[in-house]
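As structure tokens, one chain now follows by itself in the form predicted on its own.
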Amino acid sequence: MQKSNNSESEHSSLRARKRVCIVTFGCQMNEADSEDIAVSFRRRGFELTGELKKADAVVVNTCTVRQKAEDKALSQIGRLRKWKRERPHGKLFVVGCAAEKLGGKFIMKKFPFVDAVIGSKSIAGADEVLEGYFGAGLREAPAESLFTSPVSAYVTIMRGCPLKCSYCVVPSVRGEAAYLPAEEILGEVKARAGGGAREIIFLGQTVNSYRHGKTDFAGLLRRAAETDKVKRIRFMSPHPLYFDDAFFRAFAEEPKLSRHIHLPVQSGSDRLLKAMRRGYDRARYLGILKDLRAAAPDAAVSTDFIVGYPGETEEDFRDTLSLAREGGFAFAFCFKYSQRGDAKGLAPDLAEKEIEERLERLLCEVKKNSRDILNSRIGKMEEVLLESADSGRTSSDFKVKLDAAAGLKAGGLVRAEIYGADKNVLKGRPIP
């Protein structure tokens, strides 16, 4: 991490500042990091604001998973030059994955109005950086009082990644895998529930690889399910290499576990899966889908696909299309390949037009599957966790719009009869 020099007078005047604006780019891991940073600001008397003109401090949490994401974050930092000029005593912090990749020297040379840079590998030390600007804050404040959790709240259980997929930048910007102690995780689960969360979403790059001491992933899930007020537990993103019998038993037996699994596959081609260093082939991936559905027949599975990986042939792409059909995915995120890892020199890159055409073909297949699976829910009874008085999500992560009913409020569970579907949303009648 890197900081610029501050005068003591600036330090003293900033202690009275009371509003911070946190701008987050990227994945759920970044969102969780931003919430932790928000807690650090709340310890020091700050309130969150979405309006830059009201902010006395700004945090830009950056992403670099694709070049477009990195460019968006840098553009946002550049636009804050005016904010800093108008508020010379305001403080601007740049954090996250692009900050790690580009480095503090680069960012502060390009944007000299930035006060501090905290890379993703150093994000756990953000509180210490803030202490240098705003003091120690309320160290003894109850954790529940510092979280303003929505119905669903993220809880990070690991940082970094144990794998080296050829297309991925995560290991270089987030480091090797490190697992948080189970008691620390469960303490945060309790605090999030105390702050209003009813659904806990465990996060990790290979979340199901979790093991700390004698606690494995299945054990952590079961212990979290014992927490009062928590009504549903979700996790993302697991990796096919780390499912085991203990997990499948927990998935079958624990009713609080969400019946939705987001399981990235990236390609349907064994040749490309090997080049990507994913560690599994098509048959093993499909076998895991079979085991998941055996444990929970009503489970919905979503996935990620990459189109245009170096060397991808038409045959490779057809394998991906066929897997999109065979996998029965409720939905899928489909991305054009962006050079971030070390997948170089495998073959000449495809023409942009050809990548676009393949992406469109894949999206059409995914949309058809999604529509069919959504329609298959019509006529069923679903348990809906309310995000508002008239809408929420099923355990399998389908969004449901409910007919008006008295007494419903966010955070409650309600049984609903599904009678229709509109685009990507189910329609339901609450059942008393």
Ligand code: 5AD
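So that there is no doubt, residue numbering starts at 1 and follows the sequence shown. Fair warning: this is a prediction, and the values are worked out from it, not measured in the lab.
Quick note: we don't show the form predicted in complex with this ligand, though the next part is all about it.
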Only hit among Lys336, Arg81, Arg211, Arg223 for heavy atom within 4.5 Å of this ligand in the predicted bound form is Lys336
Tyr167, Phe251, Tyr242, Phe111: which sits within 4.5 Å of this ligand in the predicted bound form by any heavy atom?
Tyr167
So, Gly195 and this ligand: in the predicted bound form, are they within 4.5 Å at any heavy atom pair?
no
Give a yes or no for Gln266: in the predicted bound form, does one of its heavy atoms lie within 4.5 Å of a heavy atom belonging to this ligand?
yes
Can you tell me whether Asp304 touches this ligand? I mean in the predicted bound form, with a 4.5 angstroms heavy atom cut-off.
yes
Consider Arg66 of the chain shown here, and say whether it contacts this ligand in the predicted bound form, taking contact as heavy atoms within 4.5 Å.
yes
So which stretch, 58-66, 377-385, 39-47, 391-399, is the one near this ligand in the predicted bound form (non-hydrogen atoms, 4.5 Å)?
58-66
